[in-house]
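Only one chain is given next, in structure tokens, and it is the form predicted alone.
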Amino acid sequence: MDLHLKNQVAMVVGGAGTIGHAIANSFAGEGCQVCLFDNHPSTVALADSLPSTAMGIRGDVTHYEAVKQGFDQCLETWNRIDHVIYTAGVGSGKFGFPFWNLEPSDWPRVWDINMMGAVHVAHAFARHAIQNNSGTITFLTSVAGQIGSQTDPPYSAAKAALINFMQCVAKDLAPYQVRANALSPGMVQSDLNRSVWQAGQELLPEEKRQSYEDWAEAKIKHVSPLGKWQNPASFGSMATFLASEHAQHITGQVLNIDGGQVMHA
């Protein structure tokens, strides 16, 4: 299927992460110019490795001025930004069941990156998209934001808020033909997923601890009807589809790529 994205510009925020880089690679494969925005030291090198013209910008999503500067730098280079994909996200690094295992002080950083970072990016993109009367913005959420996952309450709550914010963005930008959607992962092999395993194992006695592989296999069989990991490349395929004209009537939606973990009527 030709997605007709060639020569468009995609900005992947959090593009140094597992899913973010897969999404960036997918847009690059469609012939897009790609801008990676991330605070990770490998951001520039990862951008250079993409199979199209790309640039990497180091920046912190929790600082609105840094986000605006990143957008301005991308616009100075290509004079347009057609698609923005927000994939930045962190967990608390602790096992949160019950929620009082955590402290209120464990919440702000999770909220700042998962939620407020997305707000900063949406504000920076809106000023450009409205002028052009076109564009898409896609947020990476989580099944945790739909089921009240007790594993990491700050993360679950932030992702739930992000879903609600995405819908506000979709409604506000619809008159300008700008679409907003969300992709929701279930089980993906990533640093975040491994940190969930680590936090839980630290609370168990030695004889009950599992290797990451054994823990993940058991959890996937328990929560996913398809019983397998979700491939990061699947998020790239769906993100590019949502950016294309083939998805011109899709906005305000959460698309679960989770092996059937969450099902809605």
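Position 1 is the first residue in the sequence shown; the rest follow in order. Computed from a predicted structure; not experimentally measured.
Below, we turn to the form predicted together with a small molecule, even though it does not appear here.
This chain appears without its partner; in the predicted bound form, the one residue of Asn231, Thr62, Gln210, Gln69 with a heavy atom within 4.5 Å of the small molecule is Thr62. Proximity to the small molecule in the predicted bound form, defined as a heavy atom within 4.5 Å, holds among Gln198, Ser49, Asn39, Thr53 only for Asn39. In short, of 201-209, 236-244, 31-39, 220-228 it is 31-39 that has heavy atoms within 4.5 Å of the small molecule in the predicted bound form. In the predicted bound form, every residue of the candidate spot (Ala16, Tyr155 and Pro185) has a heavy atom lying within 4.5 Å of the small molecule. Mapping the unseen interface onto this chain, Thr87 counts among the residues with a heavy atom inside 4.5 Å of the small molecule in the predicted bound form. The small molecule in the predicted bound form comes within 4.5 Å of a heavy atom belonging to Leu140.
Taking non-hydrogen atoms only, Asn193 approaches the small molecule to within 4.5 angstroms in the predicted bound form. Contact annotation for His120: none of its heavy atoms lies within 4.5 Å of the small molecule in the predicted bound form.
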